[in-house]
Ligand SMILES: Cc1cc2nc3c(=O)[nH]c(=O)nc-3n(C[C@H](O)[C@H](O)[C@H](O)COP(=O)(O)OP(=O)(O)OC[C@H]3O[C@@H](n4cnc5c(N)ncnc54)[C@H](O)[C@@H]3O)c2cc1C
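Given next, in structure tokens, is a single chain: the form predicted on its own.
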Amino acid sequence: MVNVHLQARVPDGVDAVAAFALIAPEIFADADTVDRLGAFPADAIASLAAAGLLTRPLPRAHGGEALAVAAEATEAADCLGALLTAIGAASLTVGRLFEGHCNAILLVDRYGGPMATLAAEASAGRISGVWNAERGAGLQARRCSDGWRLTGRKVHCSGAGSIRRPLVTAQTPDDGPLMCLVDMASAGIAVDLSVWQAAGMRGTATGTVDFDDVFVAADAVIGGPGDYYRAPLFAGGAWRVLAVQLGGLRQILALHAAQLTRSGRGADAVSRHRFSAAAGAFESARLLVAEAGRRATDATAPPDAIVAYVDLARGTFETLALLGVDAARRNAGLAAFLGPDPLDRCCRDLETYLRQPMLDASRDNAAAYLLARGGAFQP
């Protein structure tokens, strides 16, 4: 049930970032409970819905503000990036889920598919997401007379058991992965959340989903086989993940500063030196993510240049973020490892979220691109 009383707290005409600011404190406070229970942040998602933030990413023709769709244009990237960072600062768990929601909308808009279904879900207060990870044979799709049949397993599915209409990728026999919106109420779907025993990001309700001969109608398919991995949208879209993670790093820096002030350690030169390094790392990360968003949404840029820059940003951001986490932990001491101090949760969440797939391969791709072109990106 959506917290409808929040509607009155978000006046008409308020932009997305300002609308989120009205509910950010309660989402930050709720994040500790979500972490402790390892529960899906249902109240936070309801608050996003009541503030109109689940529908704003939709195309205008479907009642939205094209927040995710227009983010393919550079002039709109700053708005979406700022929103993702604000949500990430309040809760990396909620930020991770919201970014997946935006990604699903963007993919359906780009490649064609049942946008009306996603619009109906968002209007009903339900978030979507993208499930792509798998092990072994993964999820297989075979064509049938009136659609497709899915058999196999997906792993690391964020929001499993709570998201009703995820965008799921499945391997076809010959043509690459197929994207489809699956109705999780379908017979033959089993969700296992017991495997998610992570140190951080506990509330993402990440699980394994088994599909046993699940039918997907032709009108629930997005684009064609192979579209999911097309450059630059797939690899270049990682800038949105960085924008969420930047919010987590910003929150850690703020908690770090508050702890030094509260404890009196801010008078110590060694502590100030560590804090200065952390502040510099955040500022470098902020500028890097902004530039990655600008380049990733530049319609005139070559796809390989977009992918290489975002790949470089991914690897560099990890280094900067871990520096910020380490400085905060060292300055706070044991308090940074003990709950219910939010610094402990925020550090655990960011460290876990940073474990994105193929990070070393991204670094390697960026290096190969630069070495072939003299070693530096053009401004």
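Don't overthink the numbering: it's just position in the shown sequence, from 1. The shown structure was predicted, so the numbers you read here are calculated from the model rather than taken from an experiment.
A second form of this protein, the form predicted in complex with the named molecule, is not displayed here; the remarks below concern that form.
Annotated contacts: V34, S91 and P340 are all free of the named molecule in the predicted bound form [non-hydrogen atom within 4.5 angstroms]. Screening 23-31, 329-337, 38-46, 347-355 for residues having heavy atoms within 4.5 Å of the named molecule in the predicted bound form returns a single hit, 347-355. Although the partner is absent here, L255 is not a contact residue: none of its heavy atoms lies within 4.5 angstroms of the named molecule in the predicted bound form.
Although the partner is absent here, S158 lies within 4.5 Å of the named molecule in the predicted bound form, judged by heavy atoms. Using a 4.5 angstroms threshold between heavy atoms, A133 counts as touching the named molecule in the predicted bound form. Proximity of H101 to the named molecule in the predicted bound form falls outside the 4.5 Å heavy atom cutoff. The contact with the named molecule in the predicted bound form, taken as any heavy atom within 4.5 Å, belongs to M201 out of L139, M201, L181, A235. Think of it this way: in the predicted bound form, the named molecule has a heavy atom of just one of Q259, S271, T206, S162 within 4.5 Å, and the residue is T206.
Taking a 4.5 Å heavy atom cutoff to the named molecule in the predicted bound form, the one contacting residue in 80-108 is R96.
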